[in-house]
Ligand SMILES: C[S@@+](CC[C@H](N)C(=O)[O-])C[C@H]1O[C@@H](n2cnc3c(N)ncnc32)[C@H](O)[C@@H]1O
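Below sits a lone chain in structure tokens, taken as the form predicted alone.
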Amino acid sequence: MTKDRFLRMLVPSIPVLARTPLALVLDAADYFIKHRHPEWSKLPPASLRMRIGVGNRILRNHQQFIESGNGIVTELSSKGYLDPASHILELGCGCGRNAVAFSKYLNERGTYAGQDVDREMISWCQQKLQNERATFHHANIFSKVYNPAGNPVAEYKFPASDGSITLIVSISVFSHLLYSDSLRYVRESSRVLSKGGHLHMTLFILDFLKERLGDRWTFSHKLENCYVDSFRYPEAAVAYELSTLEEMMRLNGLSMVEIYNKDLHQQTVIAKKG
């Protein structure tokens, strides 16, 4: 039995583990792994990588981290939503998994800005990844699960000027936003997007999940215009009906142009401004 498999049997939730004292032990182990693999030396420590999801691998998830970011670049560029001169804003950038891949892909005209509610991850990105074309911003907004001391979402403005962004990337962000917060994010997306710019989002859409409900999620509680698994921690998992998303976009000058990954737990939506 591998070390990873043994540890996974003992750990019910890797992101939760990343916020316990045991994370220091894993970071120490990660240091020695990186020493043997210098190609991984510039990746964030294990405790930060684990917060954004690493599948079932706890210790040796470095290559998965790299390939996941590269996969997003390949996906969006092959579909024509991303080009080397794009101006990207990533919502929920975490510890830079996609930022690293985007920065390698963009040319001297392209720019990247990332934001996240996790101050520690943003601090690491600012110290290790930030430069004149890649910036990182702490979004000090309220989330009962992720940032309980934050400010109301209604007061939050994306770190970009009007019409300056050609592509917004949000991976599993709207799956943690209740309706009023999602509406604010869509409104802000419309503000910062240039005409013809695209909003990318992965989230739970009930219309495509019905056969899989009851497996990991039930979304049995309706709250505002969305559905949650838990009233106690509603932002832990939030789902929407397709009609609600379409109306949300329409109210803010956006229109859906594509939905794919319909057979996965989270679907991918592309919306366009103008």
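Treat the numbers as computed from the prediction; the structure is a model and nothing was measured. Note that residue numbering begins at 1 and tracks the sequence as displayed.
The same protein has a further form, the form predicted together with the named molecule, not shown here; the description that follows concerns it.
K.L.:
Between 88, 171, 186, 160, only one gets a heavy atom within 4.5 angstroms of the named molecule in the predicted complex; which residue is that?
P.N.:
The residue from 88, 171, 186, 160 that makes the contact is 171.
K.L.:
Pick from 192, 201, 167, 121: which residue has any heavy atom within 4.5 angstroms of the named molecule in the predicted complex?
P.N.:
The residue in contact is 121.
K.L.:
If contact means a heavy atom within 4.5 Å, which one of 101-109, 75-83, 177-185, 127-135 is the stretch that engages the named molecule in the predicted complex?
P.N.:
Going through the listed ranges, the match is 177-185.
K.L.:
Kindly confirm or deny that 256, 269 and 273 each have some heavy atom within 4.5 angstroms of the named molecule in the predicted complex.
P.N.:
No, none of 256, 269 and 273 comes within 4.5 Å of the named molecule in the predicted complex.
K.L.:
Indicate whether residue 228 is a 4.5 Å heavy atom neighbour of the named molecule in the predicted complex.
P.N.:
Contact with the named molecule, no.
K.L.:
Taking heavy atoms only, is residue 52 within 4.5 angstroms of the named molecule in the predicted complex?
P.N.:
Yes - in the predicted complex, heavy atoms of residue 52 and the named molecule come within 4.5 Å of each other.
K.L.:
Is residue 94 close to the named molecule in the predicted complex, meaning a heavy atom pair under 4.5 Å apart or at it?
P.N.:
Residue 94: contacts the named molecule in the predicted complex.
K.L.:
Can you name the residues of 115-133 that have a non-hydrogen atom within 4.5 angstroms of the named molecule in the predicted complex?
P.N.:
Contacts from 115-133: 115, 116, 117, 118, 121.
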